[in-house]
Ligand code: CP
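We begin with a single chain expressed as structure tokens, specifically the form predicted on its own.
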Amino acid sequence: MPRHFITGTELSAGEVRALVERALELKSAPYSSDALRKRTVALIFQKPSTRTRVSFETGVAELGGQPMALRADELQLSRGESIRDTAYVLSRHVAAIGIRTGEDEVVAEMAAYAGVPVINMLTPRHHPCQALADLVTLREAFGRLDGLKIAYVGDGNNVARSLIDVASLVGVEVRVASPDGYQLEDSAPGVMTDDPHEAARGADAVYTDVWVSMSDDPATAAARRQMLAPYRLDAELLDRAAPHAIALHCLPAHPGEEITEEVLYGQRQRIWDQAENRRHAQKALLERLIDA
């Protein structure tokens, strides 16, 4: 049976650590692996993408493979063909399937019937590829993962959930500060609070994401912005963190909303490293899943 990457919790702590270290090796030598030589990876995009598409397509090519980007309207899925049948067909042609979609059930069903590894490139509840890149960025910035503390401020969304799920495996504490109605479920293993200043106190990194995501109802946008305004990542909030703290954002960013322009483009952020590290983390992941 193929190994899939749906929530990130499919990996052990040792595997996460190994992937982080391998990603950094691949970053220093981008063409050192030909793990996908003469292989094709299907990348299904049912949602818009910049970082995910660019990082996966470039990464597959650097591993010697052929990326095949497929939009939903280019597939028979748009005319009613089932996920099951699509999984059967793709598995006969490609070495792995990545999918970015608005329904978690679609990824789960694809994995249930695919004969090759399926990678969750984003769903409303999970964004595990982003979490892996976040850990690579932290390891790169601080030389370690054990004992680090991340303050995530804003909407308790898929990014926050995956960050907790994956980071907690390797000894990274995640504190999520969100207003009432925007918090993660109580069962999440992170530290939950409604106070962004308390979450940021002494943290090694302060992280945020957009206030209105692709999966959110546009009619709620104004209310969301009003509720989340006290959770903006600005210089004052970053000053609450440790003196060496860095700012993180999974992008796209909206300066003046969830983050200030000063922080987004300032000297205390690793946001653009974080965006680049998507490629290296995903290359390490593809190596591991395809060789499993």
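The structure displayed is predicted, hence computed values, not measured ones. In this text, residue numbers run from 1 along the sequence as written.
Heads up, the form predicted together with this ligand isn't pictured, but that's what we're talking about next.
Interface residue among A241, C250, V263, L43, judged by heavy atoms within 4.5 Å of this ligand in the predicted complex: C250. Site annotation in the predicted complex: the residue of P255, P48, G64, P30 reaching within 4.5 Å of this ligand with a heavy atom is P48. Residue contact with this ligand in the predicted complex: Q130 places a heavy atom within 4.5 Å of it.
The closest heavy atom approach of R279 to this ligand in the predicted complex falls outside 4.5 Å.
Taking the partner from the other structure, this ligand in the predicted complex has no heavy atom within 4.5 Å of any heavy atom of R161.
This ligand is not shown here, and in the predicted complex it never comes within 4.5 Å of any heavy atom of R175.
Segments offered: 50 to 58, 225 to 233, 66 to 74, 255 to 263. Contacting this ligand in the predicted complex at heavy atom distances within 4.5 Å is 50 to 58. Contact residues in stretch 91 to 106 (any heavy atom within 4.5 Å of this ligand, taken in the predicted complex) are limited to R100.
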